[in-house]
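First come two forms of one protein chain, each written alone as C-alpha coordinates, so that there is a structure 1 and a structure 2.
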Structure 1
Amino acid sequence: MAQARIAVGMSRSRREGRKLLEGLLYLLPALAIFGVFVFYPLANSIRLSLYQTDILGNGQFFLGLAQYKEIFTLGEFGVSLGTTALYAAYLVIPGIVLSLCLALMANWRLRGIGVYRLLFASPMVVAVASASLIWMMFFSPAQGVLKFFLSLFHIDQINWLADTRWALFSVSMVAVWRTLGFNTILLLGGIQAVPEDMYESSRIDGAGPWTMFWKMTLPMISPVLMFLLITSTISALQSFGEINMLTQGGPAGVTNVVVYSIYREAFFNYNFGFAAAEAMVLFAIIMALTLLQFFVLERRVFYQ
(Lines of atoms letter the chains of each structure in order from A and count residues from 1; the text may use other names and numbers.)
(Lines give C-alpha, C1' and ligand atoms only; values in the text may rest on other atoms or scores of the structure.)
Protein backbone atom coordinates (compact mmCIF):
# COMPACT_ATOMS: atom_id res chain seq x y z
CA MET A 1 0.00 0.00 0.00
CA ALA A 2 2.79 2.36 0.93
CA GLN A 3 4.66 1.53 -2.29
CA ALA A 4 1.52 2.29 -4.28
CA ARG A 5 1.21 5.72 -2.62
CA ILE A 6 4.87 6.45 -3.34
CA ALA A 7 4.38 5.45 -7.00
CA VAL A 8 1.28 7.71 -7.29
CA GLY A 9 3.22 10.61 -5.72
CA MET A 10 6.16 10.17 -8.12
CA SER A 11 3.80 10.02 -11.09
CA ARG A 12 2.10 13.26 -9.97
CA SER A 13 5.47 14.95 -9.50
CA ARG A 14 6.54 13.91 -13.02
CA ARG A 15 3.30 15.30 -14.49
CA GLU A 16 3.75 18.61 -12.65
CA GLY A 17 7.40 18.72 -13.78
CA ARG A 18 6.36 18.18 -17.42
CA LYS A 19 3.70 20.92 -17.14
CA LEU A 20 6.26 23.31 -15.66
CA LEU A 21 8.74 22.50 -18.44
CA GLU A 22 6.04 22.92 -21.08
CA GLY A 23 5.05 26.29 -19.63
CA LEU A 24 8.65 27.48 -19.62
CA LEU A 25 9.05 26.42 -23.26
CA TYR A 26 5.98 28.50 -24.19
CA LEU A 27 7.44 31.49 -22.33
CA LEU A 28 10.90 31.07 -23.83
CA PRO A 29 10.38 33.31 -26.93
CA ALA A 30 8.94 36.12 -24.80
CA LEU A 31 11.69 35.74 -22.18
CA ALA A 32 14.35 35.84 -24.93
CA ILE A 33 12.91 39.08 -26.40
CA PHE A 34 12.57 40.68 -22.96
CA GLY A 35 16.08 39.55 -22.08
CA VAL A 36 17.65 41.14 -25.17
CA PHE A 37 15.63 44.36 -25.31
CA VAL A 38 14.70 45.01 -21.64
CA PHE A 39 16.70 43.08 -19.05
CA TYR A 40 20.14 43.38 -20.67
CA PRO A 41 19.87 47.18 -21.31
CA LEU A 42 18.58 47.62 -17.76
CA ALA A 43 21.45 45.62 -16.26
CA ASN A 44 23.98 47.47 -18.46
CA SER A 45 22.56 50.85 -17.40
CA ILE A 46 22.86 49.89 -13.73
CA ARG A 47 26.49 48.88 -14.33
CA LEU A 48 27.32 52.09 -16.23
CA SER A 49 25.77 54.25 -13.51
CA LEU A 50 28.51 53.01 -11.16
CA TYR A 51 31.38 53.93 -13.50
CA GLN A 52 33.02 56.98 -15.01
CA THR A 53 32.84 56.31 -18.74
CA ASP A 54 34.94 57.31 -21.74
CA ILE A 55 33.61 58.99 -24.89
CA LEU A 56 32.50 55.60 -26.28
CA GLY A 57 30.52 54.69 -23.19
CA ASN A 58 32.96 52.15 -21.79
CA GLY A 59 33.35 52.03 -18.02
CA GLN A 60 36.80 53.32 -16.95
CA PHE A 61 36.81 53.98 -13.19
CA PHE A 62 34.52 52.49 -10.58
CA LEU A 63 32.78 55.32 -8.69
CA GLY A 64 30.17 53.42 -6.73
CA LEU A 65 27.22 55.64 -5.76
CA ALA A 66 29.13 58.91 -6.28
CA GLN A 67 27.17 59.87 -9.39
CA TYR A 68 23.86 59.29 -7.61
CA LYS A 69 25.00 61.65 -4.82
CA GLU A 70 26.02 64.20 -7.45
CA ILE A 71 22.54 64.05 -9.03
CA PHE A 72 20.88 65.12 -5.79
CA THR A 73 23.51 67.71 -4.80
CA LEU A 74 23.77 69.63 -8.10
CA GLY A 75 20.09 70.56 -8.14
CA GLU A 76 19.77 70.49 -11.94
CA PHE A 77 18.06 67.11 -11.82
CA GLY A 78 15.52 68.49 -9.34
CA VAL A 79 14.74 71.37 -11.72
CA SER A 80 14.26 68.92 -14.61
CA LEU A 81 12.09 66.74 -12.38
CA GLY A 82 9.90 69.74 -11.51
CA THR A 83 9.58 70.58 -15.22
CA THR A 84 8.60 66.98 -15.94
CA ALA A 85 5.96 67.02 -13.18
CA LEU A 86 4.46 70.26 -14.57
CA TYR A 87 4.48 68.76 -18.08
CA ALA A 88 2.65 65.67 -16.76
CA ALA A 89 0.09 67.92 -15.05
CA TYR A 90 -0.58 69.67 -18.38
CA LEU A 91 -0.81 66.36 -20.19
CA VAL A 92 -2.43 63.58 -18.13
CA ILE A 93 -5.74 64.82 -16.65
CA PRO A 94 -6.64 67.28 -19.48
CA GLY A 95 -5.87 64.58 -22.05
CA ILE A 96 -8.09 61.98 -20.34
CA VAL A 97 -10.97 64.45 -19.78
CA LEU A 98 -10.87 65.64 -23.40
CA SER A 99 -10.71 62.04 -24.64
CA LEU A 100 -13.70 61.13 -22.47
CA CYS A 101 -15.71 64.01 -23.98
CA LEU A 102 -14.82 62.86 -27.50
CA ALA A 103 -15.66 59.24 -26.64
CA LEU A 104 -19.10 60.27 -25.35
CA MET A 105 -19.69 62.25 -28.56
CA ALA A 106 -18.50 59.31 -30.67
CA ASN A 107 -21.07 57.11 -28.91
CA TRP A 108 -23.98 59.20 -30.19
CA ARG A 109 -26.26 57.45 -32.67
CA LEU A 110 -26.00 59.87 -35.58
CA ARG A 111 -25.78 59.41 -39.32
CA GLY A 112 -22.16 59.34 -40.44
CA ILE A 113 -20.85 58.90 -36.89
CA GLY A 114 -18.19 56.55 -38.28
CA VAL A 115 -16.54 59.50 -40.04
CA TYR A 116 -16.34 61.41 -36.73
CA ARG A 117 -14.88 58.36 -34.98
CA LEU A 118 -12.23 58.10 -37.71
CA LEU A 119 -11.35 61.78 -37.27
CA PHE A 120 -11.11 61.40 -33.49
CA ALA A 121 -8.78 58.41 -33.87
CA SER A 122 -6.63 59.89 -36.66
CA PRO A 123 -3.98 61.58 -34.40
CA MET A 124 -2.99 58.09 -33.25
CA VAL A 125 -1.43 57.22 -36.63
CA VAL A 126 0.57 60.46 -36.99
CA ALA A 127 4.27 60.08 -36.20
CA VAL A 128 5.92 62.35 -33.63
CA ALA A 129 8.00 64.14 -36.27
CA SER A 130 4.99 64.77 -38.53
CA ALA A 131 2.83 65.96 -35.64
CA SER A 132 5.57 68.30 -34.48
CA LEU A 133 5.94 69.81 -37.97
CA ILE A 134 2.17 70.30 -38.26
CA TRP A 135 1.99 72.04 -34.88
CA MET A 136 5.08 74.08 -35.65
CA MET A 137 3.07 75.67 -38.44
CA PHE A 138 0.12 76.21 -36.09
CA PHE A 139 2.42 77.89 -33.55
CA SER A 140 4.08 80.19 -36.09
CA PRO A 141 3.82 83.76 -34.70
CA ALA A 142 3.73 85.19 -38.22
CA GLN A 143 1.26 83.00 -40.13
CA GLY A 144 0.08 80.31 -37.71
CA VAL A 145 -3.54 79.21 -37.35
CA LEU A 146 -3.51 80.05 -33.64
CA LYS A 147 -2.49 83.65 -34.47
CA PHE A 148 -5.56 83.92 -36.72
CA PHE A 149 -7.96 82.70 -34.00
CA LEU A 150 -6.40 85.00 -31.40
CA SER A 151 -6.78 87.97 -33.76
CA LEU A 152 -10.56 87.26 -33.95
CA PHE A 153 -10.73 88.05 -30.22
CA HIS A 154 -8.27 91.00 -30.50
CA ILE A 155 -5.66 89.13 -28.45
CA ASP A 156 -2.00 89.90 -29.08
CA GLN A 157 0.02 87.23 -30.79
CA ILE A 158 1.87 84.76 -28.58
CA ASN A 159 5.30 83.40 -29.37
CA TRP A 160 4.24 79.92 -28.31
CA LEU A 161 7.56 78.07 -28.54
CA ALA A 162 9.98 80.91 -27.72
CA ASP A 163 8.17 82.46 -24.75
CA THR A 164 9.25 80.94 -21.42
CA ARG A 165 5.68 81.35 -20.09
CA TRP A 166 4.10 79.32 -22.92
CA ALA A 167 6.74 76.90 -24.27
CA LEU A 168 6.06 73.95 -21.93
CA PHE A 169 2.28 74.35 -22.26
CA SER A 170 2.59 74.50 -26.06
CA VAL A 171 4.61 71.28 -26.24
CA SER A 172 2.11 69.57 -23.93
CA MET A 173 -0.71 70.58 -26.33
CA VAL A 174 1.00 68.56 -29.07
CA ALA A 175 1.35 65.56 -26.75
CA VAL A 176 -2.33 65.79 -25.71
CA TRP A 177 -3.36 65.91 -29.37
CA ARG A 178 -1.25 62.85 -30.18
CA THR A 179 -2.75 60.77 -27.34
CA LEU A 180 -6.37 61.68 -28.11
CA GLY A 181 -6.87 58.90 -30.68
CA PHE A 182 -5.64 56.04 -28.48
CA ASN A 183 -7.44 57.29 -25.36
CA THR A 184 -10.71 57.93 -27.23
CA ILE A 185 -10.79 54.44 -28.78
CA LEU A 186 -10.25 52.75 -25.41
CA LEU A 187 -12.86 54.89 -23.65
CA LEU A 188 -15.37 54.40 -26.48
CA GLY A 189 -14.92 50.63 -26.15
CA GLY A 190 -15.50 50.89 -22.39
CA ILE A 191 -18.64 53.01 -22.84
CA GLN A 192 -20.10 50.66 -25.44
CA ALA A 193 -19.46 47.68 -23.13
CA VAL A 194 -21.93 49.07 -20.55
CA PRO A 195 -25.11 46.92 -20.85
CA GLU A 196 -27.92 48.86 -22.52
CA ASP A 197 -30.57 47.30 -20.25
CA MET A 198 -28.99 49.13 -17.28
CA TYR A 199 -29.66 52.47 -19.00
CA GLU A 200 -33.22 51.38 -19.86
CA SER A 201 -33.89 50.45 -16.22
CA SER A 202 -32.52 53.80 -15.06
CA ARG A 203 -34.68 55.73 -17.53
CA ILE A 204 -37.77 53.88 -16.29
CA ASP A 205 -36.79 54.86 -12.73
CA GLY A 206 -36.57 58.50 -13.83
CA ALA A 207 -32.78 58.98 -13.91
CA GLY A 208 -31.51 61.86 -16.08
CA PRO A 209 -28.48 61.84 -18.42
CA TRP A 210 -26.13 63.36 -15.83
CA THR A 211 -27.19 60.84 -13.14
CA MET A 212 -26.71 57.92 -15.53
CA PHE A 213 -23.28 59.23 -16.53
CA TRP A 214 -22.12 59.85 -12.94
CA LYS A 215 -23.67 56.79 -11.29
CA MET A 216 -23.35 54.21 -14.07
CA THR A 217 -21.05 55.10 -16.96
CA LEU A 218 -18.12 56.39 -14.90
CA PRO A 219 -18.03 53.42 -12.46
CA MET A 220 -18.36 50.94 -15.33
CA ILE A 221 -15.44 52.46 -17.29
CA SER A 222 -13.28 53.02 -14.18
CA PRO A 223 -10.89 50.14 -15.13
CA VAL A 224 -10.22 51.88 -18.47
CA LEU A 225 -9.73 55.22 -16.72
CA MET A 226 -7.25 53.68 -14.29
CA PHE A 227 -5.32 52.08 -17.16
CA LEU A 228 -5.19 55.40 -19.04
CA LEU A 229 -4.12 57.31 -15.93
CA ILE A 230 -1.21 54.94 -15.31
CA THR A 231 -0.05 54.69 -18.94
CA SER A 232 -0.47 58.44 -19.55
CA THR A 233 1.59 59.25 -16.44
CA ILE A 234 4.37 56.89 -17.54
CA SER A 235 4.25 58.33 -21.07
CA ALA A 236 4.43 61.92 -19.75
CA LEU A 237 7.44 61.12 -17.56
CA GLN A 238 9.19 59.53 -20.56
CA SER A 239 8.34 62.25 -23.12
CA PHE A 240 11.11 63.12 -25.51
CA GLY A 241 10.01 63.34 -29.16
CA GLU A 242 7.98 66.55 -29.02
CA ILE A 243 10.57 68.27 -26.80
CA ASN A 244 13.41 67.36 -29.17
CA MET A 245 11.55 68.41 -32.30
CA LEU A 246 9.96 71.65 -31.07
CA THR A 247 12.12 73.28 -28.40
CA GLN A 248 15.19 71.12 -27.66
CA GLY A 249 14.86 71.90 -23.98
CA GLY A 250 14.57 75.66 -24.45
CA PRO A 251 13.88 78.51 -24.17
CA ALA A 252 16.11 79.04 -21.12
CA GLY A 253 15.67 75.37 -20.16
CA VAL A 254 11.95 75.63 -19.32
CA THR A 255 11.17 72.49 -21.37
CA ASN A 256 14.24 70.54 -20.25
CA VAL A 257 12.38 67.47 -18.97
CA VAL A 258 14.29 64.59 -17.36
CA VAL A 259 14.51 62.37 -20.45
CA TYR A 260 15.82 65.22 -22.59
CA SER A 261 18.32 66.04 -19.82
CA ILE A 262 19.51 62.41 -19.92
CA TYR A 263 19.82 62.60 -23.72
CA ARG A 264 21.91 65.79 -23.54
CA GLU A 265 24.15 64.36 -20.82
CA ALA A 266 24.80 61.19 -22.86
CA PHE A 267 25.03 62.44 -26.44
CA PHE A 268 26.17 66.07 -26.05
CA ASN A 269 28.45 65.80 -23.00
CA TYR A 270 29.35 62.10 -23.60
CA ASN A 271 28.94 61.43 -19.87
CA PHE A 272 27.18 58.10 -20.25
CA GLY A 273 27.71 57.01 -16.64
CA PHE A 274 26.02 60.10 -15.20
CA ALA A 275 23.20 59.81 -17.76
CA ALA A 276 22.72 56.15 -16.76
CA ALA A 277 22.49 57.17 -13.09
CA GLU A 278 19.84 59.79 -13.98
CA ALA A 279 17.95 57.14 -15.96
CA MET A 280 18.00 54.77 -12.96
CA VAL A 281 16.61 57.48 -10.66
CA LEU A 282 13.84 58.21 -13.19
CA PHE A 283 13.12 54.46 -13.44
CA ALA A 284 12.76 54.24 -9.65
CA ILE A 285 10.42 57.27 -9.60
CA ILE A 286 8.21 55.85 -12.36
CA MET A 287 8.08 52.45 -10.64
CA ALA A 288 7.13 54.03 -7.30
CA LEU A 289 4.41 56.21 -8.88
CA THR A 290 2.98 53.26 -10.81
CA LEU A 291 2.78 51.07 -7.69
CA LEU A 292 1.25 53.95 -5.73
CA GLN A 293 -1.41 54.47 -8.39
CA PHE A 294 -2.19 50.75 -8.41
CA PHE A 295 -2.60 50.51 -4.64
CA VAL A 296 -4.59 53.76 -4.29
CA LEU A 297 -6.79 53.64 -7.38
CA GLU A 298 -7.59 49.95 -7.53
CA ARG A 299 -9.76 50.30 -4.41
CA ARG A 300 -11.95 52.77 -6.28
CA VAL A 301 -12.20 50.75 -9.49
CA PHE A 302 -15.41 48.86 -10.15
CA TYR A 303 -14.95 45.46 -11.80
CA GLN A 304 -18.14 44.05 -13.29
Structure 2
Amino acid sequence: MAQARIAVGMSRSRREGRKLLEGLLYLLPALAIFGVFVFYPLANSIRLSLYQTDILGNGQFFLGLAQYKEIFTLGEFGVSLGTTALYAAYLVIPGIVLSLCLALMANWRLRGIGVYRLLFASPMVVAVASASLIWMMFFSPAQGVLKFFLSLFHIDQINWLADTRWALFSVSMVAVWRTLGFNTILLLGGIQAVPEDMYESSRIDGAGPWTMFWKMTLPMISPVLMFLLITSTISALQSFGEINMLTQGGPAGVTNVVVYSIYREAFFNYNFGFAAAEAMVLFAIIMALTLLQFFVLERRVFYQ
Protein backbone atom coordinates (compact mmCIF):
# COMPACT_ATOMS: atom_id res chain seq x y z
CA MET A 1 0.00 0.00 0.00
CA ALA A 2 2.70 2.41 1.10
CA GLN A 3 4.81 1.31 -1.82
CA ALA A 4 1.95 1.91 -4.24
CA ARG A 5 1.47 5.41 -2.90
CA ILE A 6 5.14 6.16 -3.39
CA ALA A 7 4.95 4.84 -6.92
CA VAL A 8 1.97 7.08 -7.68
CA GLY A 9 3.81 10.00 -6.13
CA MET A 10 6.87 9.37 -8.21
CA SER A 11 4.99 9.09 -11.42
CA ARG A 12 3.13 12.25 -10.58
CA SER A 13 6.35 14.16 -10.02
CA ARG A 14 7.70 12.74 -13.23
CA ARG A 15 4.54 13.84 -14.96
CA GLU A 16 4.95 17.28 -13.44
CA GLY A 17 8.52 17.40 -14.71
CA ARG A 18 7.39 16.42 -18.18
CA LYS A 19 4.73 19.11 -18.17
CA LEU A 20 7.27 21.69 -17.05
CA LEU A 21 9.65 20.60 -19.77
CA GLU A 22 6.96 20.89 -22.43
CA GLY A 23 5.88 24.31 -21.16
CA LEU A 24 9.46 25.52 -21.23
CA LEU A 25 9.98 24.12 -24.71
CA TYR A 26 7.27 26.39 -26.07
CA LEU A 27 8.76 29.34 -24.20
CA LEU A 28 12.30 28.65 -25.30
CA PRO A 29 12.48 30.80 -28.47
CA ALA A 30 11.02 33.86 -26.75
CA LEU A 31 13.09 33.41 -23.61
CA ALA A 32 16.27 32.96 -25.65
CA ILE A 33 15.73 36.30 -27.40
CA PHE A 34 14.80 38.01 -24.14
CA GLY A 35 17.84 36.50 -22.48
CA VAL A 36 20.31 37.72 -25.08
CA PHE A 37 18.71 41.06 -25.95
CA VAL A 38 16.96 42.18 -22.75
CA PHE A 39 18.22 40.49 -19.61
CA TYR A 40 21.88 40.12 -20.47
CA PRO A 41 22.22 43.72 -21.76
CA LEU A 42 20.40 45.00 -18.72
CA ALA A 43 22.84 43.24 -16.42
CA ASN A 44 25.72 44.32 -18.63
CA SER A 45 24.55 47.94 -18.55
CA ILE A 46 24.46 47.86 -14.77
CA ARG A 47 28.01 46.48 -14.80
CA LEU A 48 29.24 49.01 -17.38
CA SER A 49 27.74 51.87 -15.41
CA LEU A 50 30.18 51.05 -12.61
CA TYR A 51 33.23 51.06 -14.86
CA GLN A 52 35.31 53.42 -16.84
CA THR A 53 35.25 51.84 -20.30
CA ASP A 54 37.64 51.82 -23.24
CA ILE A 55 36.51 52.68 -26.76
CA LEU A 56 35.54 49.06 -27.41
CA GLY A 57 33.18 49.07 -24.47
CA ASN A 58 35.29 46.93 -22.15
CA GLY A 59 35.34 47.86 -18.48
CA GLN A 60 38.77 49.23 -17.56
CA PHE A 61 38.69 50.70 -14.05
CA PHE A 62 36.10 49.95 -11.47
CA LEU A 63 34.56 53.25 -10.42
CA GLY A 64 31.68 52.10 -8.30
CA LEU A 65 29.00 54.72 -8.06
CA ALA A 66 31.33 57.56 -9.06
CA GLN A 67 29.69 58.04 -12.43
CA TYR A 68 26.26 58.23 -10.87
CA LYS A 69 27.60 60.85 -8.50
CA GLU A 70 29.06 62.70 -11.43
CA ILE A 71 25.71 62.55 -13.25
CA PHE A 72 23.92 64.24 -10.41
CA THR A 73 26.58 66.75 -9.41
CA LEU A 74 27.91 67.78 -12.82
CA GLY A 75 24.60 69.37 -13.64
CA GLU A 76 24.71 68.58 -17.32
CA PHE A 77 22.57 65.52 -16.93
CA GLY A 78 20.25 67.42 -14.64
CA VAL A 79 19.78 69.99 -17.39
CA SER A 80 19.14 67.14 -19.80
CA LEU A 81 16.51 65.72 -17.47
CA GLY A 82 14.88 69.12 -17.16
CA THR A 83 14.85 69.46 -20.94
CA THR A 84 13.24 66.05 -21.22
CA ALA A 85 10.59 66.94 -18.67
CA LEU A 86 9.78 70.17 -20.50
CA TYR A 87 9.68 68.28 -23.78
CA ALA A 88 7.31 65.74 -22.24
CA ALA A 89 5.03 68.55 -21.11
CA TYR A 90 5.05 70.13 -24.58
CA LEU A 91 4.29 66.76 -26.06
CA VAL A 92 1.81 65.19 -23.71
CA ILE A 93 -0.54 68.04 -22.86
CA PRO A 94 -1.19 69.42 -26.38
CA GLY A 95 -1.08 65.88 -27.74
CA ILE A 96 -3.87 64.67 -25.49
CA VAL A 97 -6.00 67.83 -25.70
CA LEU A 98 -5.84 67.95 -29.50
CA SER A 99 -6.48 64.25 -29.98
CA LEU A 100 -9.42 64.44 -27.56
CA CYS A 101 -10.94 67.24 -29.66
CA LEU A 102 -10.42 65.20 -32.83
CA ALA A 103 -11.84 62.06 -31.23
CA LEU A 104 -14.96 63.92 -30.08
CA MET A 105 -15.45 65.25 -33.61
CA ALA A 106 -14.83 61.83 -35.10
CA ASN A 107 -17.70 60.56 -32.98
CA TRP A 108 -20.21 63.00 -34.51
CA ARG A 109 -22.96 61.37 -36.50
CA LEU A 110 -22.31 62.84 -39.92
CA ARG A 111 -22.49 61.46 -43.40
CA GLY A 112 -19.01 60.52 -44.60
CA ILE A 113 -17.56 60.42 -41.09
CA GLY A 114 -15.45 57.43 -42.17
CA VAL A 115 -13.43 59.67 -44.49
CA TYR A 116 -12.83 62.14 -41.66
CA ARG A 117 -11.72 59.36 -39.34
CA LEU A 118 -9.27 58.17 -41.95
CA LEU A 119 -7.87 61.69 -42.40
CA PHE A 120 -7.52 62.07 -38.63
CA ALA A 121 -5.64 58.77 -38.48
CA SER A 122 -3.43 59.62 -41.47
CA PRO A 123 -0.33 60.84 -39.56
CA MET A 124 0.05 57.24 -38.39
CA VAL A 125 1.55 56.30 -41.76
CA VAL A 126 4.34 58.86 -41.45
CA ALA A 127 7.40 57.67 -39.57
CA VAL A 128 9.86 59.76 -37.57
CA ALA A 129 12.32 60.50 -40.36
CA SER A 130 9.65 61.38 -42.92
CA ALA A 131 7.70 63.55 -40.50
CA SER A 132 10.89 65.37 -39.50
CA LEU A 133 11.81 66.09 -43.11
CA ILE A 134 8.34 67.36 -43.99
CA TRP A 135 8.39 69.69 -41.01
CA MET A 136 11.96 70.72 -41.68
CA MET A 137 10.58 72.05 -44.97
CA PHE A 138 7.78 73.87 -43.10
CA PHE A 139 10.26 75.38 -40.64
CA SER A 140 12.62 76.53 -43.35
CA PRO A 141 13.39 80.25 -42.82
CA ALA A 142 13.84 80.89 -46.54
CA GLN A 143 10.66 79.52 -48.06
CA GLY A 144 8.84 77.87 -45.18
CA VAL A 145 5.11 77.35 -45.22
CA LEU A 146 4.90 78.38 -41.56
CA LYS A 147 6.58 81.68 -42.37
CA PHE A 148 3.92 82.24 -45.03
CA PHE A 149 1.00 81.43 -42.71
CA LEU A 150 2.39 83.71 -40.00
CA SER A 151 2.83 86.52 -42.51
CA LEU A 152 -0.91 86.31 -43.29
CA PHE A 153 -1.45 87.38 -39.69
CA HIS A 154 1.37 89.93 -39.86
CA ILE A 155 3.50 87.97 -37.47
CA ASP A 156 7.24 88.14 -37.97
CA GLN A 157 8.95 84.95 -38.89
CA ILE A 158 10.19 82.71 -36.14
CA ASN A 159 13.50 80.87 -36.33
CA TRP A 160 11.79 77.66 -35.31
CA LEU A 161 14.78 75.37 -34.98
CA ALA A 162 17.56 77.91 -34.48
CA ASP A 163 16.00 80.03 -31.76
CA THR A 164 16.79 78.73 -28.28
CA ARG A 165 13.35 79.81 -27.08
CA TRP A 166 11.51 77.89 -29.81
CA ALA A 167 13.62 74.87 -30.76
CA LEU A 168 12.29 72.41 -28.17
CA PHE A 169 8.71 73.47 -28.81
CA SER A 170 9.17 73.17 -32.59
CA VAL A 171 10.52 69.66 -32.29
CA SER A 172 7.62 68.71 -30.04
CA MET A 173 5.12 70.01 -32.64
CA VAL A 174 6.43 67.41 -35.06
CA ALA A 175 6.06 64.65 -32.49
CA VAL A 176 2.57 65.81 -31.50
CA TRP A 177 1.45 65.72 -35.11
CA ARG A 178 3.02 62.32 -35.73
CA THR A 179 1.30 60.72 -32.75
CA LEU A 180 -2.04 62.46 -33.27
CA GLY A 181 -3.48 59.67 -35.39
CA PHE A 182 -2.95 56.85 -32.96
CA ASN A 183 -4.05 58.86 -29.91
CA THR A 184 -7.23 59.93 -31.66
CA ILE A 185 -8.11 56.38 -32.61
CA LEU A 186 -7.48 55.17 -29.09
CA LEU A 187 -9.67 57.90 -27.59
CA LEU A 188 -12.39 57.36 -30.18
CA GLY A 189 -12.46 53.73 -29.14
CA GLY A 190 -12.91 54.85 -25.55
CA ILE A 191 -15.68 57.28 -26.42
CA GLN A 192 -17.53 54.69 -28.45
CA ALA A 193 -17.38 52.25 -25.56
CA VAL A 194 -19.61 54.57 -23.49
CA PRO A 195 -23.07 52.99 -23.58
CA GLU A 196 -25.51 54.91 -25.76
CA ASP A 197 -28.46 54.59 -23.37
CA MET A 198 -26.56 56.60 -20.76
CA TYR A 199 -26.63 59.55 -23.11
CA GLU A 200 -30.28 58.92 -23.97
CA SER A 201 -31.43 58.96 -20.37
CA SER A 202 -29.49 62.09 -19.51
CA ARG A 203 -30.77 63.79 -22.65
CA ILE A 204 -34.29 63.08 -21.43
CA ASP A 205 -33.27 64.61 -18.10
CA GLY A 206 -32.41 67.74 -20.06
CA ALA A 207 -28.61 67.64 -19.96
CA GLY A 208 -26.90 69.76 -22.62
CA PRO A 209 -23.93 68.54 -24.66
CA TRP A 210 -21.49 70.45 -22.44
CA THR A 211 -22.79 68.89 -19.24
CA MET A 212 -22.81 65.47 -20.85
CA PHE A 213 -19.18 65.88 -21.87
CA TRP A 214 -17.98 66.93 -18.42
CA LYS A 215 -20.24 64.70 -16.35
CA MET A 216 -20.36 61.57 -18.47
CA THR A 217 -17.96 61.25 -21.38
CA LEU A 218 -14.90 62.52 -19.54
CA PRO A 219 -15.29 60.31 -16.46
CA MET A 220 -16.13 57.30 -18.61
CA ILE A 221 -13.03 57.67 -20.75
CA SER A 222 -10.75 58.65 -17.89
CA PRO A 223 -9.04 55.22 -17.91
CA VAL A 224 -8.11 55.66 -21.57
CA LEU A 225 -6.92 59.19 -20.85
CA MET A 226 -4.83 57.91 -17.96
CA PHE A 227 -3.38 55.19 -20.16
CA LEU A 228 -2.51 57.75 -22.83
CA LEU A 229 -1.07 60.15 -20.28
CA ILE A 230 1.36 57.60 -18.92
CA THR A 231 2.29 55.93 -22.21
CA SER A 232 2.88 59.24 -23.95
CA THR A 233 4.97 60.48 -21.05
CA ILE A 234 7.06 57.33 -21.31
CA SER A 235 7.47 57.70 -25.06
CA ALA A 236 8.35 61.38 -24.62
CA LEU A 237 11.15 60.30 -22.27
CA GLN A 238 12.39 58.00 -25.00
CA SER A 239 12.30 60.48 -27.87
CA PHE A 240 15.26 60.52 -30.12
CA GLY A 241 14.34 60.49 -33.81
CA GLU A 242 13.00 64.02 -34.17
CA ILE A 243 15.85 65.46 -32.11
CA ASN A 244 18.48 63.71 -34.18
CA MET A 245 16.84 64.67 -37.46
CA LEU A 246 16.00 68.29 -36.67
CA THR A 247 18.34 69.83 -34.11
CA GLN A 248 21.03 67.34 -32.97
CA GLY A 249 20.55 68.57 -29.45
CA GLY A 250 21.11 72.22 -30.38
CA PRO A 251 20.90 75.17 -30.47
CA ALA A 252 23.12 75.65 -27.41
CA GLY A 253 21.98 72.29 -26.05
CA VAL A 254 18.35 73.29 -25.48
CA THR A 255 17.06 70.14 -27.15
CA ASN A 256 19.59 67.77 -25.62
CA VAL A 257 17.10 65.26 -24.17
CA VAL A 258 18.26 62.28 -22.15
CA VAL A 259 18.26 59.65 -24.89
CA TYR A 260 20.10 61.99 -27.22
CA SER A 261 22.65 62.66 -24.52
CA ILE A 262 23.11 58.91 -23.97
CA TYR A 263 23.57 58.46 -27.71
CA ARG A 264 26.21 61.22 -27.90
CA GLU A 265 28.03 59.97 -24.86
CA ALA A 266 28.16 56.36 -26.12
CA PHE A 267 28.54 56.62 -29.86
CA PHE A 268 30.45 59.87 -30.30
CA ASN A 269 32.51 60.14 -27.13
CA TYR A 270 32.79 56.33 -26.77
CA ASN A 271 32.14 56.82 -23.10
CA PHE A 272 30.03 53.67 -22.77
CA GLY A 273 30.29 53.46 -19.00
CA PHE A 274 28.99 56.96 -18.39
CA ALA A 275 26.27 56.51 -21.00
CA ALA A 276 25.24 53.27 -19.30
CA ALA A 277 24.96 55.11 -15.99
CA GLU A 278 22.73 57.71 -17.65
CA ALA A 279 20.67 54.92 -19.14
CA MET A 280 20.20 53.36 -15.70
CA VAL A 281 18.81 56.62 -14.34
CA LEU A 282 16.41 56.77 -17.28
CA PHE A 283 15.49 53.17 -16.59
CA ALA A 284 14.59 53.98 -12.99
CA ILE A 285 12.33 56.84 -14.05
CA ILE A 286 10.58 54.88 -16.78
CA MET A 287 10.16 51.86 -14.53
CA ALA A 288 8.49 54.01 -11.92
CA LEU A 289 6.06 55.33 -14.54
CA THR A 290 5.40 51.86 -15.92
CA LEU A 291 4.66 50.49 -12.48
CA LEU A 292 2.33 53.42 -11.90
CA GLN A 293 0.58 52.52 -15.13
CA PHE A 294 0.22 48.90 -14.10
CA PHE A 295 -1.17 49.78 -10.71
CA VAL A 296 -3.49 52.55 -11.85
CA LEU A 297 -4.79 50.61 -14.80
CA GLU A 298 -4.29 47.13 -13.45
CA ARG A 299 -7.66 45.82 -14.41
CA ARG A 300 -7.57 47.37 -17.83
CA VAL A 301 -4.12 46.42 -18.90
CA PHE A 302 -3.94 42.93 -17.48
CA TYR A 303 -6.54 40.69 -18.95
CA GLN A 304 -8.08 38.11 -16.67
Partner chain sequence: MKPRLHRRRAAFRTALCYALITLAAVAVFFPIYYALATSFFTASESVSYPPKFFPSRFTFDSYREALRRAPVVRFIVNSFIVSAAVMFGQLITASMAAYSFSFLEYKGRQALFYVVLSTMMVPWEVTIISNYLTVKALSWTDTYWGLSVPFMASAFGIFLLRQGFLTIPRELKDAAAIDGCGNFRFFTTIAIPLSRPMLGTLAVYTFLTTYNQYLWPLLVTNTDKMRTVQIGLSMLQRDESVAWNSTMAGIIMVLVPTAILLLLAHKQLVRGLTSGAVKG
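Please note that residue numbering is based on structure 1, beginning with 1 at the start of its sequence. From a predicted model like this one, the values you see are computed outputs, not experimental measurements. For clarity, a rigid core is taken as the largest C-alpha set superposing within 1.5 Å between two forms.
Q: Pick one: which structure is the form predicted together with the partner chain?
A: Only structure 2 fits here, because that chain is the form predicted together with the partner chain.
Q: Does residue 37 show a Cα shift reaching 2 Å between structures 1 and 2 after rigid-core superposition?
A: The answer is yes, as the C-alpha of residue 37 shifts between structures 1 and 2 by 2 Å or more after core alignment.
Q: How many Å does the Cα of residue 290 travel between structures 1 and 2 when the structures are matched on their rigid core?
A: It moves 4.2 Å at the C-alpha.
Q: By how many angstrom does residue 18 shift at its CA between structures 1 and 2 when the core is held fixed?
A: Residue 18 is displaced by 8.1 Å at its C-alpha.
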